[in-house]
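In the form predicted alone, a lone chain appears below as structure tokens.
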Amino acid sequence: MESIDKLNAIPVRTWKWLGVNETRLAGRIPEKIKYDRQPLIEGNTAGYMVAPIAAHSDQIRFMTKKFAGGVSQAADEFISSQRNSGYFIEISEDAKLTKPLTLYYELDAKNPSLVDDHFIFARENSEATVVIYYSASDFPAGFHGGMTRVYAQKGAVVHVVKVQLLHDAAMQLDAVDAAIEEEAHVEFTLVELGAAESITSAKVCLNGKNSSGQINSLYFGNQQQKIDMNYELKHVAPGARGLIESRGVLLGKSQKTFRGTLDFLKGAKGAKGRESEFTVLLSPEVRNRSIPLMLCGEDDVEGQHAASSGKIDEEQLFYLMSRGLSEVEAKKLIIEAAFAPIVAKIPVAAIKDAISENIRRRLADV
């Protein structure tokens, strides 16, 4: 099918000539192909239920009214209609899952296209971590379209980790979305290290009093890679707390667009939001664009933006080289240290090792 336009639209448009109001998937989306490699699911044996998402469409339809929406309405409809994998995951009330619930997806020549749609329903005072891992064999021209929604009832705590290590020639279109009720907390940790073109969205609605949400992201662009991100925190209720933390590296002729929005709606008294983005530029030919945006309809709120980009700190580099490291080794150490706080949030050792290996391979071009 043809590509999808008007993706990752910024909530309030700016000058058109800047080219940041929205984006489009440049590549052609493949026709629907059945995905036969259903994910291996690991986790606790009690405290949760996993079922095909189609069996819970009516229940999901009722809850989706509380969400902000994904990459775009057209993209959401595409994923819902074309999905070839997807699960409804329900965490039981008061259940505390001690092991992460992990889904492993892999693209290959027989399964080149994956469109997965997941819905996580965390009942009151439950706790769970869900990890979704996307990898690829040597098949290059894969496509991934995904959507993961989380509805957290009062007092629930949910951590969703999505790690994308697709082939450097693949395409990705992915969205995460959360609706969070009173005293609940949802955290997303998003790792984008593969695909020639990656368009991702993360939207969090802090609907309940004293609810909290966090978006952590890690990206690494090299060669001709294009990365487009749109993150939004909607502070709806009193005392809501939101945090966005993004770290990345750009090499070669890669391009990155980051949209980060803190939105304080009328009635969100005492709400606090903070956004931090840090990008290391390792080539004069990269294109780095950051669009921090703060919207405010309530006077009793606190919002903070912090965005920085630049080369590796020369003093740090000199210090490490004075201790016997080569320039390349010193650069690798500095970048790995910058990524460490986000990588440390991934609870599966094998996936963490795969991320570290991928980063080291990419740093070979430094």
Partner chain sequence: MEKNKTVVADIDRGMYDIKNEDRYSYKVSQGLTPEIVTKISQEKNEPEWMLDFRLHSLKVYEDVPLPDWGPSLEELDMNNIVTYVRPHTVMKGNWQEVPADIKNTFERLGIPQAEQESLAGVGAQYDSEVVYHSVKESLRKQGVIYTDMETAVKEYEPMVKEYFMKLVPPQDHKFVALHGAVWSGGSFVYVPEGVTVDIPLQSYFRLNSPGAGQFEHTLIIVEKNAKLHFIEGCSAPKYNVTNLHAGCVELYVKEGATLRYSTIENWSRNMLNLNTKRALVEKNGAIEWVSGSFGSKISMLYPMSILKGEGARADFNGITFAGQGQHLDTGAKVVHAAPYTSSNISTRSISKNGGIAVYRGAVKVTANAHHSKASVNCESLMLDDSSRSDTLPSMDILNDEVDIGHEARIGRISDEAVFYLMSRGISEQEAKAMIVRGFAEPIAKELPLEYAVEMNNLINLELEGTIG
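In this text the structure is predicted, and so the values were computed from the model without any measurement. Numbering follows the first chain given and starts at 1.
Just so it is clear, the following notes concern the form predicted in complex with the partner chain, a form of the same protein that is not shown.
**Student:** Scan Thr64, Ser309, Gln38, Gln316 and let me know which has any heavy atom within 4.5 Å of the partner chain in the predicted complex.
**Tutor:** That would be Ser309.
**Student:** Which of these residues, Val160, Ile79, Leu165, Leu282, gets a heavy atom within 4.5 Å of the partner chain in the predicted complex?
**Tutor:** Partner contact (heavy atom, 4.5 Å) among the options: Leu282.
**Student:** Looking at 128-136, 204-212, 274-282, 183-191, which stretch has residues with any non-hydrogen atom within 4.5 Å of the partner chain in the predicted complex?
**Tutor:** That would be stretch 274-282.
**Student:** According to a 4.5 angstroms non-hydrogen atom cut-off, is Gly47 in contact with the partner chain in the predicted complex?
**Tutor:** Heavy-atom contact with the partner chain at 4.5 Å: absent for Gly47.
**Student:** Does the 4.5 Å heavy atom contact test between Gln304 and the partner chain in the predicted complex come out positive?
**Tutor:** Gln304 belongs to the contact set for the partner chain.
**Student:** Taking the partner chain as it sits in the predicted complex, is Leu18 in contact with it (heavy atom to heavy atom, 4.5 Å or less)?
**Tutor:** Yes, Leu18 is a contact residue.
**Student:** Can Gly297 be called a contact residue for the partner chain in the predicted complex at 4.5 Å between heavy atoms?
**Tutor:** Output for Gly297 is yes: heavy atoms within 4.5 Å of the partner chain.
**Student:** With the partner chain taken in the predicted complex, which residues across 336-360 come within 4.5 angstroms through any non-hydrogen atom?
**Tutor:** Residues within 4.5 Å: none in this stretch.
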